[in-house]
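The data below hold one chain only, encoded as structure tokens and taken in the form predicted on its own.
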């Protein structure tokens, strides 16, 4: 059940030129949050910026009551958040949205992340590892300097494969090309794909999963205002039916969707 939380900042570390890893103390949120869900953060006590900012949950430490977020500085709100220091307190609404579903029985979890899409993927890998599953993680970025969360993923019992578009580290090319290559080792009933990243990447993940008849879920990260389905600002099209096109809200119906639900070509 989403609720407002008053969260003391525990740490705020710069992990790349533009990306920060923020940890807050939020015991109830740490207990209730599930991979794929997000929080809406009021980044400043004043009236500007007016709207909260949505962030996928990156990590939880349920015993210590800690919640981690991963974000890039891209505007006024995230610039203010980058300045948060221990001793500050943030107003956080969450957990929000629909979480990833467990993999169908005995299927190999294959987690695909592009750029900051690694945030919910890391949390999912953390939870699956705690449950005794052994996920494979495909992490992609434009170059080696843009790869995030390598240190945290390295602490988990996952099989990690890297892809960079310029070939500066790991597989040379988009992470979706790596996904298509890896999937050749699996029967379509033997794997479950989970993905988060830019829309173009998710469009390609959807195409690959559909063509290979692979079970898959994608997590959309998009601009939104209220985060609870009131403003209707995060509508995305679904496939048309006999009744015509339809739409779903990323904040309320997602952010996690089955690969067959959305029409990302529109």
Partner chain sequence: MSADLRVSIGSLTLNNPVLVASGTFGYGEEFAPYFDLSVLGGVVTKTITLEPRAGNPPPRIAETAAGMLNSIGLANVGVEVFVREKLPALQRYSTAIIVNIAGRSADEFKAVLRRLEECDLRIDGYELNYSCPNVKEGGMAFSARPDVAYEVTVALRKETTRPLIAKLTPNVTRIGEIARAVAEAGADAVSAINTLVGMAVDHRTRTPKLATVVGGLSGPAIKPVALAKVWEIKNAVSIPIIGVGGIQNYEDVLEFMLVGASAVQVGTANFVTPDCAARIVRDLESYCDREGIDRLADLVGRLNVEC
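Just so you know, these numbers come straight off a predicted model, no measurement behind them. Numbering follows the first chain given and starts at 1.
Just so you know, the form predicted in complex with its partner chain exists too; it's not on screen, but the next bit is about it.
J.: What stretch, of 218 to 226, 31 to 39, 58 to 66, 198 to 206, brings heavy atoms to within 4.5 Å of its partner chain in the model of the complex?
T.: Single hit among the candidates: 218 to 226.
J.: Any chance residue 231 has a heavy atom within 4.5 Å of its partner chain in the model of the complex?
T.: Close contact exists here: in the model of the complex, residue 231 approaches its partner chain to within 4.5 Å, heavy atoms only.
J.: Would you check, heavy atoms only and a 4.5 Å threshold, whether residue 237 touches its partner chain in the model of the complex?
T.: Contact check for residue 237: yes, within 4.5 Å of its partner chain in the model of the complex.
J.: Any of the heavy atoms of residue 27 lying within 4.5 Å of its partner chain in the model of the complex?
T.: Taking the distances in the model of the complex, the answer for residue 27 is no, it never comes within 4.5 Å of its partner chain.
J.: Would residue 211 count as touching its partner chain in the model of the complex under a 4.5 Å heavy atom rule?
T.: Residue-level check for residue 211: no, no contact with its partner chain.
J.: Among 147, 96, 158, 191, which has at least one heavy atom within 4.5 Å of its partner chain in the model of the complex?
T.: Flagged contact: 96.
J.: Pull the contact list for 156 to 181: residues with a heavy atom within 4.5 Å of its partner chain in the model of the complex, in sequence order.
T.: Heavy-atom contacts within 4.5 Å come from no residue here.
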